[in-house]
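Here's a solo chain for you in structure tokens, the form predicted alone.
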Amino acid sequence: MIRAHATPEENADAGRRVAVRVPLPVGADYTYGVPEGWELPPGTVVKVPVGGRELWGAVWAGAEGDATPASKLKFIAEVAPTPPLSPALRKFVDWVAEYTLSAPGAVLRMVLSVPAALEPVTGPSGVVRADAWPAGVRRTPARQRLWAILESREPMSVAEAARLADVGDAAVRGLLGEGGLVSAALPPPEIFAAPDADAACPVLGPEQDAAAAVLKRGIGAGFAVTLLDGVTGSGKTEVYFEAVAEVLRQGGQALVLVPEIALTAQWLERFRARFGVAPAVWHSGLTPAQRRDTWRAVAQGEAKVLIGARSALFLPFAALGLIVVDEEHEQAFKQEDGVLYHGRDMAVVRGSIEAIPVVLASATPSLETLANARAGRYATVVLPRRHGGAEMPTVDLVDLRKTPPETGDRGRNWLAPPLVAAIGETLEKGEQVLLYLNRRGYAPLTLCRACGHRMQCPQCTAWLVEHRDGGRKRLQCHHCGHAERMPDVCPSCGAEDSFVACGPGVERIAEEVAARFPEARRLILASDQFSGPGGAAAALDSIAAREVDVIVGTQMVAKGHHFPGLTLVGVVDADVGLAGGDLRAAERTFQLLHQVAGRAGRGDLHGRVMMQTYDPAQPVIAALAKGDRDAFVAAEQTGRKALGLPPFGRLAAVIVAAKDDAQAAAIARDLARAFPKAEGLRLYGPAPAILSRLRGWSRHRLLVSAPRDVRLQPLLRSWLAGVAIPRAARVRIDIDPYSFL
């Protein structure tokens, strides 16, 4: 049924009822009447009246026992021209809602994220000839040619019919108007060509071939999780491509999740070279029409392979046969707004429900994934060497206490003499340099040298980051987006021209490079430098084409790029990620710096990494210098296990937000007083959040810790239900938190 509306007469006679879930943050499904003669199995996508509007929802179950009086019962208005949501997808929605303590309707909204895809399909219109020549219509040579051209009675566009008959479009429309031709729907254009599993089979090395064989054997064999653990440059992508190829041979669909869709240009080229066509993509930068077409193609099984951000996990695949989570360790897989979930973990859950294999790929697997692998819950495939004989880069530490940066004509510099010398040597050889600093903008802090006033966001407890675009100075908050022009006078003391930039961002490092190496072609690679995936792709293409000599970048540069001409990586501040109270700070710093270092020497040329640090003996830095991942992981796991922290324990964050700080603090205290007493259960806080004010909301946090075998969700639900929360306040639960801001 493509489109149907219930009349009042049909409604009056209808006796069946169904429970419909709507994409709103509500906890209950709504009961609706089913018009007589309509068949609506569970999963059917329907349009229903909600309040004063109509929304698309999904039939979730029958509701024959519902006691709503017939006079108050509302009826389903329309059925979408899409396949019903599968039982596995509906079970996945229920599971995510239960695990994250989210409203089921809020989770469904991620599935029905493109309402335009649910509307009746209106494809292009063409013409066919009528059953017989209409009486009284004049036959001309042009019309006779048209009649002959359309003899097959296959629909043809007006332009194509006119071209083949050698007439004008007006002649076709004229005969259409007189009844000699009739309108007919044209077949929809093919948007997603099917990838060819055997288009260009690569020559794999022995280790790659063995790893690919393991993954291929898992296709069609049910649920299993495999960790593809390979050093940077070992060819992990080519290995899991072989698993994708096997899915295609068996007629299924494959989903590849990536942490940063804007940086997949090289991945897409490799896919096209392997399979002959581009895959479908899914991310927030698609146009509404692209989102509509992609959603439909996934639901109808036409999009055979899709690469996407974490939200792609909630698409209604018709025949999902494999999920790959590339760079599974990345924090970007954690959703921090709306429904709070981790894409990697939910990928494993969907794989389990769908009874299909899941591949987690990384050169620096997360401690959670390593713990599951070592416990036997996940299988492991290891690629210990780089593909094609390339060697891992050497890593040297630059002790900033012994060789600090020199002061230059423009003031303080940030590159120490050993790194400056290495940059010069690399450029002289015609090779490329990457300088890494995970700070956007020009400087992370701007203050008045006269009174010490610091420029702070009016909505957040965060310093404004200084940016310099074409000589213009502006200040921006990287948490809420607030931006303003650099003031001419200090708002605190009125001093003129008294502001000074404190600390470096990538723009400041690029400025220093320009002063030291004026002939070098430079490029800043940071998320705020590009308006979308197209700009980022163009920048990466210019690097690959050797049109750039020095890249200055943030963590964007660590996402699996392959630049054969890049031989020197300089880490400007290896210590920057280790500050603060984040329990994953050491792990995240190790992963990020290891991935950045892995950009060097991926071609025929040997690579070198230089890390500037004030503490070479720090365990993370020392492990990176030695290339000893196992030693770092073992030490980190020992510390976590002793404290009962993930992956050896469970955490849940409770974030209280209110416009008034006193109200937020009071609610947090009420929650703390009502916290249940149970063995192994601990409460930390309440305390003001690190970002105690965010987007105008005052925030307090509580942290719940429990042993791994304790199910936190029932405890949390019961606890929060016993505390009255004012309507003007917000309380959010973050199961398995990754951010502690």
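The structure presented is a predicted model; accordingly, all values stated were derived computationally and were not measured. Note that residue numbering follows the sequence shown and begins at 1.
From this point on, the text means the form predicted in complex with adenosine-5'-diphosphate (ADP), which you will not see here.
Within this chain, His329 is remote from the site of adenosine-5'-diphosphate (ADP) in the predicted complex, having no heavy atom within 4.5 Å. Proximity of Leu204 to adenosine-5'-diphosphate (ADP) in the predicted complex falls within the 4.5 Å heavy atom cutoff.
Mapping the unseen interface onto this chain, Thr567 falls outside it, with no heavy atom inside 4.5 Å of adenosine-5'-diphosphate (ADP) in the predicted complex. When adenosine-5'-diphosphate (ADP) is considered in the predicted complex, Arg412 lies well away from it, no heavy atom lying within 4.5 Å. Shown without its partner, this chain lists Gly351, Gly235, Gly105, Pro259 as candidates; in the predicted complex, only Gly235 has a non-hydrogen atom within 4.5 angstroms of adenosine-5'-diphosphate (ADP). The single contact residue among Thr82, Gln208, Gln612, Thr364, judged by any heavy atom lying within 4.5 Å of adenosine-5'-diphosphate (ADP) in the predicted complex, is Gln208. Only one of 659-667, 437-445, 636-644, 227-235 lies within 4.5 Å of adenosine-5'-diphosphate (ADP) in the predicted complex by heavy atoms, and it is 227-235.
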